[in-house]
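Next up: just one chain, as structure tokens, the form predicted alone.
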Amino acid sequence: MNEKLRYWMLVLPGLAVMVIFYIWPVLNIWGISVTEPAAGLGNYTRMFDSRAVQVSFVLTFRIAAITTVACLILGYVVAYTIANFAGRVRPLMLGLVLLPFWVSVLIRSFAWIVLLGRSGLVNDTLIGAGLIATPIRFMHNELGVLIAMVHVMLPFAVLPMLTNMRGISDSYMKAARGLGASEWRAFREVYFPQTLPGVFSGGLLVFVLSLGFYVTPALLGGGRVMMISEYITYQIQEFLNWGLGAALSVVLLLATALVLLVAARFVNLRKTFLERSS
């Protein structure tokens, strides 16, 4: 009896936090979606019939997918370099990967506005080098949003892959080379398959976080690249349409849960998020 009591004394505080700060707000949002401005599923009907909502969802998933692919490619190179070639500069390189976590996303997004503006550093450098005659339009389009989002999300791809690569013994590559495999073949057939769990974990983190990202797309997109999170904010702040905004939030939550459910068939989600939290 005492053991059971101690067990529930440990569990109940955490359970109460989950119910108060996670489950109750989600249930409240769902309740608003079916009661405002009138009871029923009218908000969901309007949402699925709206061309603007459909475009926003497609845009959100497209940007999230492109961001994920770009982060995996760049992140794999960075993680591979740190894990295998960094040597004495490994702590410095790892510190540079972690450095963005110490700077607000808002500040980083404003920094990209300064860099990518018509009179920003990027355009001024290209014009000064004679590579272009007129400024390139980086702002208020998908290109600028993608550049900034890749920068923000890149550490989330690097860290899981780096953790995975650090656990791979170099004896496998040495054995492959000793059996006559070329360096490329040893990498392709021996090393790369062992890094796939880290690749899947990093890709999942980046994709899920990108689906609900708000600050960077809102600032760099300038209202012309309206991902679903910004569309929800627009509906609530500009039109006071709480019902539709809540319905969009519920569908986005369900879409994210569906992504996690599908990913669970290929990735150990418990290991992925425990490694990320640690």
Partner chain sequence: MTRSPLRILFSTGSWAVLAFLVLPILIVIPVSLTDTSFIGLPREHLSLQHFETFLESPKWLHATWTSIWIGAVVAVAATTLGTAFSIGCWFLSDRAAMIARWVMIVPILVPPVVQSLGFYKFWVTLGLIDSHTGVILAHTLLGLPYVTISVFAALANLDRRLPQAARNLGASLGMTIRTVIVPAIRPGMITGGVFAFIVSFDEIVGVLFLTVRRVETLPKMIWEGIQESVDPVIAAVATILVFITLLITLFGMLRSK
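If you're wondering where the values come from, they're calculated on a predicted model, not measured in any experiment. Here the rigid core means the biggest group of C-alpha atoms that line up within 1.5 Å when the two forms are laid on top of each other. Positions refer to the first chain, counted from 1.
Keep in mind that the form predicted together with its partner chain is not shown, yet the notes after this line are about it.
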Would you please decide whether residue 11 lies within 4.5 angstroms of its partner chain in the predicted complex, comparing each non-hydrogen atom pair? yes
Quick one: is residue 57 in contact with its partner chain in the predicted complex, heavy atoms, 4.5 Å cut-off? no
Considering non-hydrogen atoms and a 4.5 Å limit, does its partner chain approach residue 260 in the predicted complex? yes
Spell out, yes or no, whether the shortest heavy atom distance between residue 203 and its partner chain in the predicted complex is within 4.5 Å. no
In the predicted complex, the residue from 43, 235, 68, 249 that sits within 4.5 Å of its partner chain by heavy atoms: 249
Looking in the predicted complex, is its partner chain within 4.5 angstroms of a heavy atom from every one of 64, 198 and 264? no
For the stretch 103-123, return the residues whose heavy atoms include at least one within 4.5 Å of its partner chain in the predicted complex, in the order they occur. 103, 104, 106, 107, 108, 110, 111, 112, 113, 114, 115, 121
Aligning on the rigid core, do we see the C-alpha of residue 15 shift 2 angstroms or more between this form and the one not shown? yes
